[in-house]
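One chain is shown next in structure tokens, namely the form predicted on its own.
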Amino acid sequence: MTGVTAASLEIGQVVAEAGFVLSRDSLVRYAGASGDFNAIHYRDDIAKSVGLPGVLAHGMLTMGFAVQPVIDWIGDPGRILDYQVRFTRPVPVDAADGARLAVVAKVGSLDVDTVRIDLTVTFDGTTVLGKAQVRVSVA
């Protein structure tokens, strides 16, 4: 992000886009790292028994993937001042095909030293994270 200032950005400007594929392996690795071994994240039968369409991605894993394009754009994760989302839809992860997330990061508001980046995170054409916003230092 060398040389980027609030003055060099415009509201609505796309600053990053990315696609990510979550696999069942991704879920297993995340469960091991996070300690979240809820069976809905690895067993279809359990997920379906509680009314879910199948195995779901961990919400925090989805959140982590969603912010990555912003981190890549700014080049320094220490510039992230705040990151918040609302989990609005689950992300089912197919055993064979996984789940593809699409992320678009746009400038939502500008201040002298900070920029709010609004994320649109979709799976299968449906938004899965609501009010996903990253506040970034550009000072």
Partner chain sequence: MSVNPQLVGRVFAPTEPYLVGREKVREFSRAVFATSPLSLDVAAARAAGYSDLVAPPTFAVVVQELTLHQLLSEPDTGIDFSRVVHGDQRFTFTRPIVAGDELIATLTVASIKSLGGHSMVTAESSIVGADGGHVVTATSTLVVRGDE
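Positions refer to the first chain, counted from 1. As the structure is a prediction and not an experimental result, all values here were calculated from the model.
The same protein also exists as the form predicted together with the partner chain; that form is not shown, yet it is the one meant from here on.
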* Asked: Are any of the heavy atoms in R100 no more than 4.5 Å from a heavy atom of the partner chain in the predicted bound form?
  -> no
* Distance check, P53 to the partner chain in the predicted bound form, heavy atom within 4.5 Å -> no
* Using 4.5 Å between non-hydrogen atoms, is Y42 touching the partner chain in the predicted bound form? -> no
* Just to confirm, V21 within 4.5 Å of the partner chain in the predicted bound form by heavy atoms? -> yes
* **Contacts with the partner chain in the predicted bound form, stretch 41 to 71 (heavy atom within 4.5 Å)** => M60, L61, M63, G64, F65, V67, Q68, I71
